[in-house]
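Quick heads-up: it's one chain on its own, the form predicted alone, in structure tokens.
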């Protein structure tokens, strides 16, 4: 992370409680991160925005929440046991592993020890079910959320009888035991995915659906993160790069401070997954149309990564202006929507009214209370965590029941009646 912007965002995340290094009191655990009180709110707001857009916002979508551990045969059928591998080299001295493509010599980048020849390592996290640890009890933590959708496809057919095209989506944790390249939360050992499998008739125009999803993904990326379209590009995978299940894959890329990298992926998986699960399970997974045709549907897969979405959101929101740091987050994503201050914390009459306003707003909007230091420092503190509006209860409030509302982005202040505050902020949020 050589970028000045990147370093500032990482520092802010630690200092203000967005993201903490994993297992920090024990010296940390590489490429693991814990989301603090503000980070989990931001992450949940992105998650809810995604769910509202792609599940609730579309008539043909169904949501599920699949388990993290599946029957090991699932991963044999999907090809992950055989194909989820990458070439690595290992240091004979410190035993750290590195991607073969990044090893520019036969010396370890860390300790300068000798590196082994290139070997293939599987990226699945292996675990054991039950009390014994032998080959009969091996299981895997899922490396993707997609397979939980495929193995529940028949349940959705039987429960809801959807017509093609239809989609199944979920948000959940995935695990990849791979060598990571750092860059904060860009690449983690465990991460949240927001994923959809969109089932279509194989006789339909799959490219049409592919193009539609590509455009919707780009549009949502701009809406949620505030990234300008100039920083977003599409890169198609070549034949050697494309996954074993895919006929076409594109990366939606963003110009990070450390270079142009993938944010999300979009793949045309054909009927590979359902055909494999039908073969391995012996269960009929064909779809029957109203005119009596039987076939295995093909699949378009839009896959969204939560940490990368959150990272871009922070990078785009971070601003330094007028001697202040401000996160200009979309108010719908901000951890707090409103902060309430008494002008002076040592004046009970101001504190009492401020507390009443705080209690009034809390059921409607995520609201912060702040009575530390002077009013200027409180404004700066809320700017830094992205709170869009701050309310100050002052002595005029005691006379006319109005408060000062300050806008985060333009620092403009206006007087608003206490009885109008809920309506005022609801209109602002629209």
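A quick note: this is a predicted structure, and the numbers were derived from the prediction, not measured. Numbering follows the first chain given and starts at 1.
One more form of this protein exists, namely the form predicted together with glycyl-adenosine-5'-phosphate; it is left out here, but the text below deals with it.
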### Task
Counting only non-hydrogen atoms, choose the one of 208 to 216, 261 to 269, 319 to 327, 355 to 363 that falls within 4.5 Å of glycyl-adenosine-5'-phosphate in the predicted bound form.
261 to 269
### Query
Hey, in the predicted bound form, is residue 303 touching glycyl-adenosine-5'-phosphate, heavy atoms inside 4.5 Å?
yes
### Task
Report whether the minimum heavy atom distance between residue 75 and glycyl-adenosine-5'-phosphate in the predicted bound form is within 4.5 Å.
no
### Task
Considering only heavy atoms, tell me if residue 308 and glycyl-adenosine-5'-phosphate come within 4.5 Å of each other in the predicted bound form.
yes
### Partner proximity in the predicted bound form: residue 144 to glycyl-adenosine-5'-phosphate, non-hydrogen atom cutoff 4.5 Å
yes
### Task
Just give me the single entry in 152, 193, 276, 246 that has a non-hydrogen atom within 4.5 angstroms of glycyl-adenosine-5'-phosphate in the predicted bound form.
193
### Summary
Residue within 4.5 Å of glycyl-adenosine-5'-phosphate in the predicted bound form by heavy atom, from 198, 254, 186, 140, is 186
